[in-house]
Structure formats: C-alpha cells, structure tokens
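Single chain ahead, written as structure tokens, the form predicted on its own.
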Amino acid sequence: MLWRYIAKRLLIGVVQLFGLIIAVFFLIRLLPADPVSRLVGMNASEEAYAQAAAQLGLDQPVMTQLAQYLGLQPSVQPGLLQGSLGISWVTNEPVLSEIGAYLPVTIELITLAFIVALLVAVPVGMLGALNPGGRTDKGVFLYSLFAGSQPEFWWGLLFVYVFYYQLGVAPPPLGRLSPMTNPPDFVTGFMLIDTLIAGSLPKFLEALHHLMLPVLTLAFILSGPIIKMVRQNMLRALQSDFVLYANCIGLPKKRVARYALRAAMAPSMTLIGILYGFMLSGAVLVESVFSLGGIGQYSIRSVLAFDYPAIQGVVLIITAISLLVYLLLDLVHAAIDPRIAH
C-alpha cells in the first residue's frame, strides 16, 4: 500500500510540474517586456533586432518555441526532454550549470536554519502547551509574535551590528569564506561538504562560522510560526479523547506528552514544508545582506534581465524540489498516521 501511495504522489507531482512548466512558459511571454531590445538596445537597427530575435528563437511561433523548449522539435539547443534547461541569454552559459552553482548555497543555508529552528521551536512550543496560561506560555506567545514582527533583512542587519560590530564574535558579512581564503574545489557546491572532502578542517570551521549569522537570522524568523503551530496543535491534542483516556489510566506525563506531540507534529510538518518551499526563493534578502550569492539572487538577476531560459529553469528546479519536499512530508505523515497511506 505504501508503494502505491508513493507512486500516486509521484504521478500527481509530475502532472503538477508539467502544468507549471507550460504556465510559466506562456506567462513570461505575456509580460510587457522585450528581451530582444534589452539585449541589442533600444536604438538598434531592424536588421540587428531581427538577427538577435532569430538567435534567441523568438522569431518562431510561440507553439514552435514551446516544442523546441520541451525537446519535441529539433533545434540548435537540446530541450527539456534531453536534460537541458537551455542557454542563458545573458551569460551564454548552460542554465543547469549556473543553477547548480547557486542552488547549493541556498539549500545549505535554509536546511541548517530549519534544523536550528526545529530544535528550538518544538520543545518551546511543547513547553508552552503543557502549561497553558502560565508565564512560560505567555513568554512563548510573545516570542512567536516578536520573531515574525520584522522583515528578515532587518534582523540580519541587526545581528551583524550586535554580533560582529559590537561583540566581535561573528565574521563580517562577506560571503561563505573569508576573502583571503582560497575556496575548496567545487564538488557538490555545499561549502561544508566540499571542505570536508578536501580534508580541510580549518576551512570547514571557517565556513561554519560564516554561516552562523545567516542561519541564526533565518532560524529566528522561522521559529516564530513553527512555535505557534506546535503550541496550538499540542493544545488541541492534549484535549483529545485518547489523551484524556491516557491520563485516566495513570500513564506517566512524559509518555502522554510524547503521544500528544506525535499527533501535533503532523499538521506542523505541513507548515514546515510550505515554509521550506517558500524560503528556496524567499531567502534572497538574507543572501544579499550576507553576500552569499544563492539561487534567490540569481533568480532576481534573471528576471531583471528578461532571461527567459534562466527564469524557466529556476521555476522548474524550485518547483521540483518543493514537490519532493512535500512527498517526503507525506511519507512522514504516513509514518506518523499509517491510515493516510490507505
């Protein structure tokens, strides 16, 4: 039954991904923008304009462009079915290679931030629910509101001022490593992993040190809504019939709390998955503050340059990762509640 459930979710994900590819392809071409003029200039001759449009493939009918992009019709460049996301109109480099260089930066950042946020949010939210109306519960509620009351870039700048400028315990926001440090050879794109592959413990510790403030910034922002969700679901679970029965038969409070937490984590995991997909492209401000150069900054540059292949590639990759995260969450839900897979 579980494999059938996984196959069904994968099939739904493929259909959703294909629908989004088609929608994005047509929507960006409906924008009031002219990428050809952006590349050749507003004062270019008609011959230069026509030549640039032909090189970009924009002189073809839109359905022909779609068929060439999907790889259903022969063209100069391989299509999506051949494993290519196209060539960037700005850098003339394969979009897949560029995304492969920028995406690991963002994934490394937000994954560590979510780990830290969960380590803080789950026990804090659980503690607040176990003592409703008390000082701890009120403190948890105020913290959850305070953490999300300001935009992430403001907290990033504040943390730089406090931890770097005032206390001197954090490095300057100048990237993933010090400008004086030679980065390790590119293997995975994840700085922490590549430094370990290179066998350089000092560079690993330096990369971890440079990730401290951006991870702290995102974890601080993310912990607020997660705490609220865990607390509310935990309160609801503690009032359910099975918890009342467990208390009546005299089960230890810690064991009852574990049962309630298991029931409360299912809807909380849904929020975590939504936040993860959102942060894949929404961490651009934090990336800018700390000069990390992730996929968010790459997508912004692509949009401003009207780089259609890059825009389509970013949307496709981020959507695919988001759907994969949702599938993993569905599997976690099925492990928590096996009735879901039936």
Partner chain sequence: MTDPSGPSDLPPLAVRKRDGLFIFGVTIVTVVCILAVIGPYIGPYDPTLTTPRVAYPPPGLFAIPGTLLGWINGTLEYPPHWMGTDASGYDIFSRVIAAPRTDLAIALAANALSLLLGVLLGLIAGYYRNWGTEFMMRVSDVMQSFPVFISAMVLVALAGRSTTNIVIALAFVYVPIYIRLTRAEVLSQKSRGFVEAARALGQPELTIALRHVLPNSMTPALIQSSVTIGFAILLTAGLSFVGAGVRPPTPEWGLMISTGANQIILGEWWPSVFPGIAISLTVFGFAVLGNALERRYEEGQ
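Residue numbers count along the first chain shown, from 1. Note that the rigid core is defined as the largest set of C-alphas that superpose within 1.5 Å between two forms. Here the structure is a predicted model, which means the values were calculated and not measured.
In what follows, reference is made to the form predicted in complex with its partner chain, a form of this protein that is not presented.
- Contact check for L201: no non-hydrogen atom falls within 4.5 Å of its partner chain in the model of the complex.
- A residue is said to contact a partner when one of its heavy atoms sits within 4.5 Å of a partner heavy atom; E206 fails this definition for its partner chain in the model of the complex, lying far away.
- Contact between R236 and its partner chain in the model of the complex is found at the 4.5 Å heavy atom cutoff.
- When its partner chain is considered in the model of the complex, L271 lines it closely, a heavy atom lying within 4.5 Å.
- Within 4.5 Å of its partner chain in the model of the complex, a heavy atom is found for none of Y102, V122 and D194.
- The partner is absent here; in the model of the complex, the one residue of I28, L39, L66, L56 having a heavy atom within 4.5 Å of its partner chain is I28.
- The contact residue chosen from F186, Y259, Y245, Y164 relative to its partner chain in the model of the complex is Y164, the criterion being a non-hydrogen atom within 4.5 angstroms.
- In short, of 86 to 94, 107 to 115, 165 to 173, 251 to 259 it is 165 to 173 that has heavy atoms within 4.5 Å of its partner chain in the model of the complex.
- Residues of 13 to 28 placing a heavy atom within 4.5 Å of its partner chain in the model of the complex, in sequence order: Q16, G19, L20, A23, V24, L27, I28.
- Residue displacement note: M42 has its CA displaced by at least 2 Å between the shown form and the other one (rigid core superposed).
- Taking 2 Å as the criterion, G133 counts as shifted between the shown form and the other one: its C-alpha moves by at least this amount when the rigid core is aligned.
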